[in-house]
Each structure stands twice: as C-alpha cells, then as structure tokens.
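The chain below stands alone and is given in structure tokens; this is the form predicted on its own.
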Amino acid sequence: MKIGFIGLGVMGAPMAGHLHRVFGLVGIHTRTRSKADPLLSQGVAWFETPQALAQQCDVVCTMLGFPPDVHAVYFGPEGILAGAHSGLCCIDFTTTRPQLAKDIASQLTTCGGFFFDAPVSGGDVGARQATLSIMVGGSKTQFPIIQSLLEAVGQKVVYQGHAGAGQHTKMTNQIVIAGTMIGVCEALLYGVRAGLDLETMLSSIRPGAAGCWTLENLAPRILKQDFEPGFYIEHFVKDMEIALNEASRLGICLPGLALVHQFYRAAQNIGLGKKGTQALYRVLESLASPT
C-alpha cells in the first residue's frame, strides 16, 4: 500500500512515525511544514496539497484538530476528494462530527473509494507507545484491508459499525472521560485539604475500584504541576460540544457532561485552552473554599 499522512500534531506525529516504521509512508502534508522535518529527513516526500497526496496514494490517513479542518482537508478545492480515485481508502483519526464522517464516506463512495472514521483514545502516551484504542466506522467488508494498518498505531482496534459509528463511540468515551476527570481533580483537592500525602493516597486508590487511565496517567502530572498537553483543552471542549449537540439531536439530556463542559470553557476563558485536560485542576483549585 502507498500510504500518505496528513496532520502532524501532538498525536499525529508519533502515529505517522509508527506507520512509516512498519509500512513506509510515501508522502505527508501538514499545515506547518517544519513539523514534517523528522519524517522528511527519513526520505518521506512532501506534498503541497492534500489533493496531490491523494492522487499518489492507495491510503490517506488524517489526524486533524477541528471539524472545519477535516471539512477543508477533504472537501476543499485542493482537498483529498479533489484527488480521489477508484480504490482510494481514507482513514480519519480525528474526533469530529458523526454526520461529517457520513458525508465524506458518501462522497468517497461515489468516486469508487471507501472511508473509515477511526477516532482514537489514549492521549499522547498512547500515540507514542502505539497503544491507542481505535473505534472504527465504515464498510465491514473493507475493514480487514486496513486492520493491520490500524494495529500499527493502536493496541485495541474494534469495528463499531457503519460510517459515523466510530465517532459516536468516541463520544461515549469523551462523556466518561469528562466525568472521570472532574472526579480525579476533586479527589486530589480533597486530599490536599485533608493533609494527605498524595503519592501515598494514590498508591491506595489506583488499584481499587477508582482505578482508571486518568488516575494512572494524568494525576501524576497534576502532582508535578505539569499541565502541558497530551490532549488540548480546546480539543476536548470541541468534543464535548459535539457530544452535547448529538445528545440534543437524540433527545437525551446529559447534565453531568454539560457541567464539566462549563468548567472547561472557564479554563479556556483564563487562557488554558492550549494546556492539557488535566489543567482542569487549576479551575477547580481556584473555586475551592478557603481554609
């Protein structure tokens, strides 16, 4: 397979690196060319547009930021679909709107290609270690063709159903994370005020019923006052807004998610949008009652 990759951010760069190591990338494109330098130095070709890359590839993978970015990369005048050809497979790892995934799948099908929405979970750690959980929507009959490719970047690859099903599954993931994150931050605040040694406290609750990925990977960063992004707050806000909009469309109310969304919007308002999701701790810390 001739594989191309678009989007070399916090998650995309290591994912592209794994794919190049296992399969060999023929080309890359990203908004900021300097981010491509490590792969360019390994002989991967640079393409000026998504269209040009698509014309030369059997598979194009994308890992972008926001739904408008996905729309532009696929539907733009020099986008992937402008360079689509029969047999082209596109895999979008971005978390985006389920309907957008369906729209891309429909358009690519008319060109004789096929599309998979394959959002991931596991943060920067999972991306670097190739241990991501990947939730896949698209053609069930075509899924085996790309399974080995997905397994090069993820530890758990699960086919979820038709186009858009991967994105819907990722929404359930983000709903769980939202509730978990506020719980972890509040637990740490409580521990501080109770005078506990937080490392010792965590050694007790991690192996118990409270154990979770957030407690294992992000709580230690909070203790070190490390709020650098493994996953940007601004991206998480985007995900929560997609989930809330989809919930409204489905006729359900998610008050817990709506509450956490408000706290994260507050984080954005005080300039934390480019920090990691664990920076929610700073918002909650500022709201904590004085001793």
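What you see is a predicted model, and the numbers here were worked out from it, not measured in a lab. From 1 onward, residues are counted along the sequence shown.
Missing here is the form predicted together with another copy of the chain; even so, the following discussion is about that form.
For the spot marked by M15, V22 and P77, is every residue within 4.5 Å of another copy of the chain in the predicted bound form through some heavy atom? The answer is no; none of M15, V22 and P77 reaches another copy of the chain.
Interface residue in the predicted bound form among S106, Q147, Q129, T172, criterion: non-hydrogen atom within 4.5 angstroms of another copy of the chain: Of the listed residues, the single hit is T172.
Could you check which residue among V125, A82, L196, A72 gets a heavy atom within 4.5 Å of another copy of the chain in the predicted bound form? Comparing distances to another copy of the chain in the predicted bound form, the residue within 4.5 Å is L196.
Based on heavy atom distances of 4.5 Å or less, which listed stretch (220-228, 36-44, 239-247, 59-67) is in contact with another copy of the chain in the predicted bound form? One stretch meets the cut-off, namely 239-247.
Can you work out whether V26 and another copy of the chain are in contact in the predicted bound form, taking contact to mean some heavy atom pair no more than 4.5 Å apart? Result no; V26 lies far from another copy of the chain in the predicted bound form.
Proximity of E151 to another copy of the chain in the predicted bound form, heavy atoms at 4.5 Å: No, E151 is distant from the partner.
When the contact criterion is heavy atoms within 4.5 Å, does W213 count as touching another copy of the chain in the predicted bound form? Answer yes; at least one heavy atom of W213 falls within 4.5 Å of another copy of the chain in the predicted bound form.
is_contact(G208, another copy of the chain) in the predicted bound form, heavy atom dist at most 4.5 Å: Result yes; G208 sits at the interface with another copy of the chain in the predicted bound form.
If you look in the predicted bound form, which residues in 48-81 sit within 4.5 Å of another copy of the chain (heavy atoms)? Residues within 4.5 Å: none in this stretch.
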